[in-house]
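Below you'll find only one chain, the form predicted on its own, shown as structure tokens.
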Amino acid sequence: MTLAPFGAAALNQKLVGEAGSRFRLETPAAVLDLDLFERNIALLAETCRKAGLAVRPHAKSHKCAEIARQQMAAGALGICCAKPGELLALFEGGIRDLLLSAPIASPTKIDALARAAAAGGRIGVVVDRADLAIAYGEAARRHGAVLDVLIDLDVGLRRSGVATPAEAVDLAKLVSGVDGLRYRGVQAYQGRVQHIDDFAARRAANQEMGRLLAAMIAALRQAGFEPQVVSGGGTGSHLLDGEEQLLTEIQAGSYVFMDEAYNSVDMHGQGGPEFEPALRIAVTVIGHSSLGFAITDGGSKSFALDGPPPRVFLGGELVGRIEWCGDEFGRILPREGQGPLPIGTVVECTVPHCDPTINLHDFLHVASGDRLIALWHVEARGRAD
């Protein structure tokens, strides 16, 4: 069921299709530049295809079923989710091949995942301990379902996963013997690699991860549990993962939107990011401060603040940066020689960090050129459960 727009999205719905409507939005509003978004999706798909890698994008970055559908239409084999609530929201939105990429502890959530599998979903989970594998198996049998299972490996993140080859083998052996579970392989994610700005330093860190992963894969192979799936990587390491040829699928997430945190990452050794900033937050100049700065209607309730300050664009032209002066308000710091923008001006800002920023918005305002062309519901917005 499609949710009717509300809030600013309801006010903006009448603008869909009108010339110049992109720059007349009621704000704050999350804006998706469709042309940049489609370029980002196509670029990752083609890069991974050439490297012989499958793509399983991470929905923690977008939380939107329509974006997941677009990713799968471009060749993604399925979608990753960070939390059960996120996964179940996308399942309800029609996405059927979903992997929960983190261990959990709740019997209620374990049961809900098994019910989704019984209702027609191909649901994958990761396990890093025996009791979790047993609990998943019990839930799957209770509902007459089968869950795909990846052994979660700690290859440097120090958050979850088994840390030794022997532990990986023991857990694979246990999973393979539990009815209701289908052993598929391993997950090896090293999030710290993604945001190392310097290309050579990031490559060295990724190679260290690869050494740990290779030892675990070798032990599993020798024990008769060679993984069919080796899942991991991300936006910042996808080119390096193609070089390593250890992963079979990439869990990139931020590439669809991009943000200021990634803007300084030299992804390919030639300077700069690989993808374009497709996600913007539109805000309106609502006044001028006593110091002469343009004040906008978007603050920390519209932007996640854990990243560099956003750039501000007016009709595609960079006009400054924004800083915060309250939960609801921002202050535009103009480029040298430029005065404050007039009251009523709608500008678009890049975002410090895309994942938590989209979690603040219920709808994406999809724009191409100067037109608002669609509204997409962010079904998993707020689903941190």
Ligand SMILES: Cc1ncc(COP(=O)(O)O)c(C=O)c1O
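Position 1 is the first residue in the sequence shown; the rest follow in order. All values derive from a computational prediction rather than experimental measurement.
One more form of this protein, predicted together with the ligand, exists but is not displayed; see below.
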Exercise. Can you work out whether the ligand is within 4.5 angstroms of a heavy atom in all three of Phe293, Val312 and Gly320 in the predicted bound form?
Key: no
Exercise. Choose one stretch from 246 to 254, 106 to 114, 201 to 209, 280 to 288: the one whose residues place a heavy atom within 4.5 angstroms of the ligand in the predicted bound form.
Key: 246 to 254
Quiz item: Would His58 count as a contact of the ligand in the predicted bound form, using a 4.5 angstroms cut-off between non-hydrogen atoms?
Solution: yes
Exercise. Determine whether any heavy atom of Phe225 comes within 4.5 Å of a heavy atom of the ligand in the predicted bound form, and answer yes or no.
Key: no
Exercise. May I ask you to check whether Gln71 falls inside a 4.5 Å heavy atom distance of the ligand in the predicted bound form?
Key: no
Self-check item: Contact flag, Gly234 vs the ligand in the predicted bound form, heavy atom cut 4.5 Å
Solution: yes
Quiz prompt | Proximity to the ligand in the predicted bound form, single hit among Lys173, Arg129, Arg159, His143 (heavy atom within 4.5 Å) | solution = Arg159
Quiz prompt | The single option of Phe91, Tyr189, Tyr136, Phe303 touching the ligand in the predicted bound form, heavy atom within 4.5 Å | solution = Tyr189
